[in-house]
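As a starting point, one isolated chain is supplied in structure tokens, in the form predicted on its own.
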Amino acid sequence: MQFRETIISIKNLTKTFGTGHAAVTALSDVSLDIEKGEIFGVIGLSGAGKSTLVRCINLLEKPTYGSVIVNGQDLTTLSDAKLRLARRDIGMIFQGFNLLMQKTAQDNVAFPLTLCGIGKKESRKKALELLSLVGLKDKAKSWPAQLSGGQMQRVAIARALATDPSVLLCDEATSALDPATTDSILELLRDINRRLGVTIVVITHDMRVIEQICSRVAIISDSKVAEVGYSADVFRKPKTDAARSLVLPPGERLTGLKSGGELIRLAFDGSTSDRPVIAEMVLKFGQPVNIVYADTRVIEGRIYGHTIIRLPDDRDISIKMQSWLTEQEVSFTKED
């Protein structure tokens, strides 16, 4: 999918907490462009600065330096009154749901509309429509305490959509949910993106979330943007140590496997993942290889994978196998 119109433009954003010797820089000179209609992921380990970044997009945290332009407006230059109006176009959902426990699901969704001065009858009507959109029309009269975690997050999503935003920010929105519920919430976000055209920014520490719904991703490491690219490209050929640590977590690295033949990593993209490349190579050269590690992911409906193999001890055979892989247009890299 190609995107052309920028809806969020972050320029040289820096956020520092505290002053003097106690100052802590959460973000340093971050620049990103997010295109209208895409689902954009921001991923990083704990403390990398990703949650601070998302809170700077709607100025819940005011940047120390830099600009945040949403729909052509630099939010950092707006008065408090104009900023409140601009925020109506930026919905947000959180890890902890943040529902009002003393209000029903319908009243939680209607709450932002009443704050905007919309009448009770109209607000409740729209709230019911949004609950239907997220599959919870039958839970309109339920209290948050009567709902599951996944249902509470669906109510939170409906509430975030109440003011018809063009942007939806998701700050670790699935971190408190089990895997099956996470999948259903991600599918709901994808459906909302398709049906309403809302631009979605997903903040997460989980690469699986990125792979499932994000077209592009930014890797945040040590308060900076380490890498930006299409999700499939980052998984297939990560360019930085930060990206590699997310694609292949440290616990699965192969630093202890140094004996024997050379280790190489094959990267299979969506067009070659169904080929029996390793089997063909073994048959062609009459030499076995050892599969040390394998992982496959489905990204935007296509299968991508990494397989690390140990080539034979025979150096000549090893070189010939690598040459053959190159001829077959199979991407691979040597493991250190």
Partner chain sequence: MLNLVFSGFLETLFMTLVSVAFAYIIGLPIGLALVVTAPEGIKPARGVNAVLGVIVNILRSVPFLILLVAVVPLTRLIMGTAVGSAATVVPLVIAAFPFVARIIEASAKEVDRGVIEASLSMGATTMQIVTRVILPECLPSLINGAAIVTMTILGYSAMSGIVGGGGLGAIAINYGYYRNNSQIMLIMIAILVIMVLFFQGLGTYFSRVSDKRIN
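Remember, predicted model here, so these are calculated numbers, not experimental data. Numbering follows the first chain given and starts at 1.
A second form of this protein, the form predicted together with the partner chain, is not displayed here; the remarks below concern that form.
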Tell me the stretch among 185-193, 129-137, 104-112, 225-233 that has any heavy atom within 4.5 angstroms of the partner chain in the predicted complex. 104-112
Answer key: of Val247, Met92, Ile200, Ala218, within 4.5 Å of the partner chain in the predicted complex (heavy atoms) is Met92
Answer option from Arg208, Arg87, Lys239, Lys125, heavy atom within 4.5 Å of the partner chain in the predicted complex: Arg87
Taking 4.5 angstroms as the cut-off for heavy atoms, does Arg159 touch the partner chain in the predicted complex? yes
Taking 4.5 angstroms as the cut-off for heavy atoms, does Leu99 touch the partner chain in the predicted complex? yes
Going by a heavy atom distance of 4.5 Å, is Thr307 a contact of the partner chain in the predicted complex? no
Applying a 4.5 Å heavy atom distance criterion, does Arg55 contact the partner chain in the predicted complex? yes
Does anything in 129-156 come within 4.5 Å of the partner chain in the predicted complex by heavy atoms, and if so which residues, in order? Trp143, Ala145, Gln146
